[in-house]
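Encoded as structure tokens, the following chain is the form predicted alone, with no partner shown.
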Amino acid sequence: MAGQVTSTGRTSELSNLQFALLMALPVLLFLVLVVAYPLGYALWMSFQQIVFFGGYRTNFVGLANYATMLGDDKFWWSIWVTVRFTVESVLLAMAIGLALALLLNRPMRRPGLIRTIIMLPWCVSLYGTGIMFSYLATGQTGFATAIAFFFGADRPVSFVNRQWVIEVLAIGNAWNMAPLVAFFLLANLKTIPTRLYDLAAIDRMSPLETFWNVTLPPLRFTLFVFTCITTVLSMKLFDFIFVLSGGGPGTASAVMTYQIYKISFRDLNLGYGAAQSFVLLFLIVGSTMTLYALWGRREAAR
């Protein structure tokens, strides 16, 4: 970097770290304004009992909101539903994304058109995805109902029920996210030298052995990164679930984001909702840190 001449005649230069901090300063200030203040205000709210009726007022209750969660069955149920939905969404998104990437890496006619078609689900908003899957999975307009009626059934088939609603949500979420995963994995696949596949053929490796020893190793770090990304996006997902199932039937799909929305904006219990939102934040951070400890650290050391 170019430096400045000091009074002693020497040229002072910024170190790489100082230059990086200088470049990042506007972003850090922006984050303080749009993230730190709302986060701090939400933390303050979690220690308050906020009352709207009879005039707005707040009462400091300390850790009472957090203590209430320990005995709240709906809170524990929402954690279980969130974990189940996230695990299923991540597994499906990564599996579908990997399969699409392998398909797109094969020689084909009009690859640009096919890639555009495969990318389309990522371009659909989560609100639109929720509407589409609500038509496909419900009893009156669902795809399964159309097939059942075609074969002579006289009753509609609905998958938006207590038994299958989480799976429907996970499939819809994975359908939306898998194309993005696929295109980043495809970029990795394009960097694998073709001579490695030639050597695998000389060694008479089976397709499964070739995939495990040649194709998969360069993809592992990308798979780790997108596992973290899809985990975070799935845990904080709200609009898709709100449109498709509304947390139901009953509380079958009441993930933490929906439960926080219901407590905060329907019941107007903002303090308790803020407390639950911090539990969700710690759950997201804890999940990503666990993934890094179990998987990411090993990939970074390769």
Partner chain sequence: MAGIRLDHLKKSFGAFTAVQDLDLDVTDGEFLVLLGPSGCGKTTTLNCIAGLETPSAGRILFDGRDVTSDPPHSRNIAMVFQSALLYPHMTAAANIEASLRRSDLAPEERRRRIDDAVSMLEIGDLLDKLPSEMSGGQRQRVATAKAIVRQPTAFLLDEPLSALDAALRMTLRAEIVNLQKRLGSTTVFVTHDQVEAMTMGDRIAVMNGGRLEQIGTPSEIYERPRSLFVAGFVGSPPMNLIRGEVADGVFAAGELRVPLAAAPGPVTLGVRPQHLHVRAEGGLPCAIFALERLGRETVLIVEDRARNRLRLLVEAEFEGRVGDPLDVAPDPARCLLFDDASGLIHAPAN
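Numbering follows the first chain given and starts at 1. None of the values given here were measured: they were computed from a predicted structure.
One more form of this protein, predicted together with the partner chain, exists but is not displayed; see below.
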| item | value |
| --- | --- |
| Answer range among 87 to 95, 201 to 209, 162 to 170, 71 to 79 for contact with the partner chain, defined in the predicted complex as heavy atoms within 4.5 Å | 201 to 209 |
| Position in contact with the partner chain when the complex is considered in the predicted complex, options 148, 83, 229, 214, heavy atoms within 4.5 Å | 214 |
| Selected contact from 102, 196, 144, 180, since only one has a non-hydrogen atom within 4.5 angstroms of the partner chain in the predicted complex | 196 |
| Residues in 59 to 81 close to the partner chain in the predicted complex, defined by a heavy atom within 4.5 Å, in order | none |
